[in-house]
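In the form predicted alone, a lone chain appears below as structure tokens.
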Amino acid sequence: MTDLETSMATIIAVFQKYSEREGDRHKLKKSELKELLQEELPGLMAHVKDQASLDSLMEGLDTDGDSECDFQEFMTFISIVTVCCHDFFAHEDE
């Protein structure tokens, strides 16, 4: 597999690793999303200072209003964070 194919497979595997823990295996409950973020993005989570910020993040991701994060909503989040990281590091090189 190419680097990009491997990365895509990894993102899917990480989502499934957490979504399969409780309830619907195609969606992340708030507790599963929190655990995923803490374990898989500890550098990012170091900047989240309170539970209200995490709750706000979950609400922003939940575009269909079901109080869970499906894979499409998760990918929207991953895409936004990746773009922000790209922009940050692009400016660091200047």
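For every residue, the number given is its place in the sequence shown, counted from 1. The shown structure was predicted, so the numbers you read here are calculated from the model rather than taken from an experiment.
The protein also exists as the form predicted in complex with another copy of the chain; that form is not presented, and the subsequent description refers to it.
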message: Under a 4.5 Å heavy atom criterion, is M58 part of the interface with another copy of the chain in the predicted bound form?
response: no
message: So, H26 and another copy of the chain: in the predicted bound form, are they within 4.5 Å at any heavy atom pair?
response: yes
message: Just checking whether E35 would be counted as a contact of another copy of the chain in the predicted bound form - the rule being heavy atoms within 4.5 angstroms.
response: no
message: Whether G43 contacts another copy of the chain in the predicted bound form should be assessed with a 4.5 Å heavy atom distance threshold; does it?
response: yes
query: Going by another copy of the chain in the predicted bound form, which residues of 1-37 come within 4.5 Å of it through any heavy atom?
result: T2, D3, L4, E5, S7, M8, T10, I11, I12, V14, F15, Q16, R25, H26, L36
